[in-house]
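One chain is shown next in structure tokens, namely the form predicted on its own.
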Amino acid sequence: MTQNSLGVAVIGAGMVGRAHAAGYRAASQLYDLDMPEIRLVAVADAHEPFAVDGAKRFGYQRAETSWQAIVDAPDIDVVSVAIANELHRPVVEALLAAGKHVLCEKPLAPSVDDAKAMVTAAEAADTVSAVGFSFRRTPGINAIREQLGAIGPVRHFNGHYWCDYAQNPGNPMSWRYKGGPGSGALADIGSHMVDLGEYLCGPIASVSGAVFQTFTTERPVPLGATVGHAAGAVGDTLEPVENEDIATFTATFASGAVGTFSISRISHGLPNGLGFEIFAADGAAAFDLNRPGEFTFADHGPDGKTNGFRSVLIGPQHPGIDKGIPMDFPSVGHGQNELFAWQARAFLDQVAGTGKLPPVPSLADGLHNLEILAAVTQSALNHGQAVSLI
């Protein structure tokens, strides 16, 4: 921290990098006004037009074209890493060695061994580090979590993350389609669902019955830079897809609850279809990201004539809303972009030592998540065999 202020940078100016950049811009306006001054210093991207656009769009002082420039900058204290998974380890390790506080996007690393090395580096550093499981900030999900004790032990968690970004076989090749089994839909979006399953139901003890399937086996090479899941101009050259379009598996939680998970990047008509149902001994709850301003809930409270699932509209009585949005009134609503602002604020609180918000998950949490993904991959490669994690 430099003279009661924190200098912030974001490495990566693609889809999720922009969310981080915007999140830091809003962070000091949220919750209590006890933050140090937040200086928006730099956005870095190897593709200079992206870096320049990100810096100008979100009010950062400068654009950089290398992550090394962020590592070496004395005016930067806090860095979000939002780049391709295979680059996470060298960048995070260099930032930690330089004394930076680091928030790294999920999945933490391309392999469990890489993640273990990153955790070791974090433990040796005197700075704060975390991994970006942003859905943990969702008010509706946290409202459900608060009620689980009242409706009895969880018996069944059914989670899905269904997207359509890979449905078109003509969409360009990118790093998301490279890396081998388990690095596709499972790592990209399934990592979020696995984290939410444990966030709500406790640790996973074993996984089994995993099935991976790839329907588009080749993709055209892009002619220029691409952002996120967006389509772009492509040439005639094709490259092989190395990972899965669909992953399904079952899990047993340490509590005895059963989990069923369905992950897809080729689900027609669902750009961002995250959702889950929880069935407990004395009630049930459900959440759909396409309706983030509400959740559904059932218990024995209402009279039998009208009992059943009911919609609960999110308001300041639920976690994260009071002073978390400008108009923090019931049923105003929020979206996924707010999750990144709330995450940025929580991380900055941790760095400044003023934290009253739930902390952002640690790199050790990111390693644990990768160990579960590796177990799912092992199950899939061995015809669905059960793999123990405890």
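Fair warning: this is a prediction, and the values are worked out from it, not measured in the lab. Residue positions are given as counts along the sequence shown, with the first one as 1.
From this point on, the text means the form predicted in complex with a small molecule, which you will not see here.
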Review point. Does residue 354 reach the small molecule in the model of the complex, with heavy atoms at most 4.5 Å apart?
Key: no
Review point. Is residue 132 close enough to the small molecule in the model of the complex to count, meaning some heavy atom within 4.5 Å?
Key: yes
Exercise for review: Indicate whether the small molecule has at least one heavy atom within 4.5 Å of a heavy atom of residue 67 in the model of the complex.
Suggested key: yes
Exercise for review: Using a 4.5 Å heavy atom cut-off, state whether residue 267 contacts the small molecule in the model of the complex.
Suggested key: no
Check your understanding: Quick one: of 87, 312, 125, 211, which gets a non-hydrogen atom within 4.5 angstroms of the small molecule in the model of the complex?
Key -> 87
Check your understanding: With the small molecule left out of view, which of 77, 245, 105, 198 would have a heavy atom within 4.5 Å of it in the model of the complex?
Key -> 105
Point to revise | Heavy atom contact within 4.5 Å of the small molecule in the model of the complex, the stretch among 356 to 364, 327 to 335, 41 to 49, 26 to 34 | key: 41 to 49
